[in-house]
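Below, in structure tokens: the form predicted alone, a single chain.
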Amino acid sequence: MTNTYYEFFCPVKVIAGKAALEHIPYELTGLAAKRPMIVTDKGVRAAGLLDPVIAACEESGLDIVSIYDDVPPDSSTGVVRAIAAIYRNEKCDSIIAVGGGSAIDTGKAVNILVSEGGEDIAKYTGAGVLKRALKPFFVVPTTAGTGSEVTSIAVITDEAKGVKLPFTSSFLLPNAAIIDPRMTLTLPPHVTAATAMDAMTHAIESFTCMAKNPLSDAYATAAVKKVSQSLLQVMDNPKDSLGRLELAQASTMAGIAFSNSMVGLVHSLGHATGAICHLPHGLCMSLYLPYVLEFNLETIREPLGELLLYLEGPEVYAATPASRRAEASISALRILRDALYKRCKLPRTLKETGKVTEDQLDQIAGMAINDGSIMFNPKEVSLKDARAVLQRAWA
């Protein structure tokens, strides 16, 4: 499964660790930005997570000109237009997105409009449309899962047409990602679990998909190891800032991995389930992961077996016969999911979610096989295959 040719690209500066937020003013002034706007959501603001960002800027004599804190969980073209109008009126010159995937995607889309001009964000959908650098843009993730801070993709809903608009360009990448453990200390247990499993899935799919390469593999295995070693510790001790930092770094590493190697069927099923049943993305990733790995097993036996080293450590890896390591990796993930279910009731099957009915499985399967991620799945997937995986994931 080694590619003879591949490309790897990640120009995002990562500023991580204790007091990372205090470096934001230095980064802004380095790009001649003096009038930043913060894009975030109500939950982030209510949790007090903007306070250290604002304080860091004020201490350096840098004023936050405007704060937009009404980004919805599923951001839309209307929201993007509204924020862009405020940005222009307030004569802002840079954007700091503080939040999870929705706030970050919204920040990326706003940056397109304020840099390129106009009101119609739909004009810039697809790949290769943007031809030049955008305004200074910084991302402060408050969840440890999506990896959006290092991906060149954004997805925004067009409410009028009822479709999701994808944007893809290396110009969407932030100038810097600021990874500070203070930003994830207040994450509730179920969000901590789901987002960490999102990162785990990004890493495992990137390591087993068709476009894997040696550089993405290095980031993917490091991410798997960090989630395996830190997730349950953080679940048992939510204020463990070192563990929180490990999960945040795992998310960033997994983001770098999958944006350079792609994902597979777990994401195709997850995208479809999210669209039809409105289940959170991280939950879908955690739920489908072992079932898809079982479906792909014979095609990915070697790399999946290799992952046992990072999931369970050298002793277990050495004690497990090579022919059984792939199955042992799936077993380790099932045990981890059981432990998360015990701690925060993170569902392991579609039935346990209470939000999916068995008669929706055909619709989910139909949408999943038309999802772009499926192209990179290591094994070809028919409609019947997708339906069978969903049936196994049902109960």
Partner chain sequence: MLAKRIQPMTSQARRLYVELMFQVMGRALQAVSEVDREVREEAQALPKGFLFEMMVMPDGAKLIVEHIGEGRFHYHGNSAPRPADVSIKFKHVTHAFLVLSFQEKTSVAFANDRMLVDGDVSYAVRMTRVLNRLESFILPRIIAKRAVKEYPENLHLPEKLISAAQIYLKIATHFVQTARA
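Positions refer to the first chain, counted from 1. Note that this is a predicted model, so its numbers are computed, not measured.
Another form exists, predicted in complex with the partner chain; not displayed. Remarks below refer to it.
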Contact check in the predicted complex: Glu27, Thr29 and Leu245 versus the partner chain, with a cutoff of 4.5 Å between any heavy atoms. Do all three pass?
no
Looking at 41 to 49, 341 to 349, 63 to 71, 366 to 374, which one sits within 4.5 Å of the partner chain in the predicted complex if you count heavy atoms only?
366 to 374
Sort through Cys277, Leu130, Ile86, Met210 and report the residue having a heavy atom within 4.5 Å of the partner chain in the predicted complex.
Met210
May I ask you to state whether Arg387 is within 4.5 Å of the partner chain in the predicted complex, using heavy atom distances?
no
Please determine whether Lys379 contacts the partner chain in the predicted complex, using a 4.5 Å cut-off between heavy atoms.
yes
Residues of stretch 4 to 40 in contact with the partner chain in the predicted complex (4.5 Å, non-hydrogen atom):
Thr4, Tyr5, Glu7
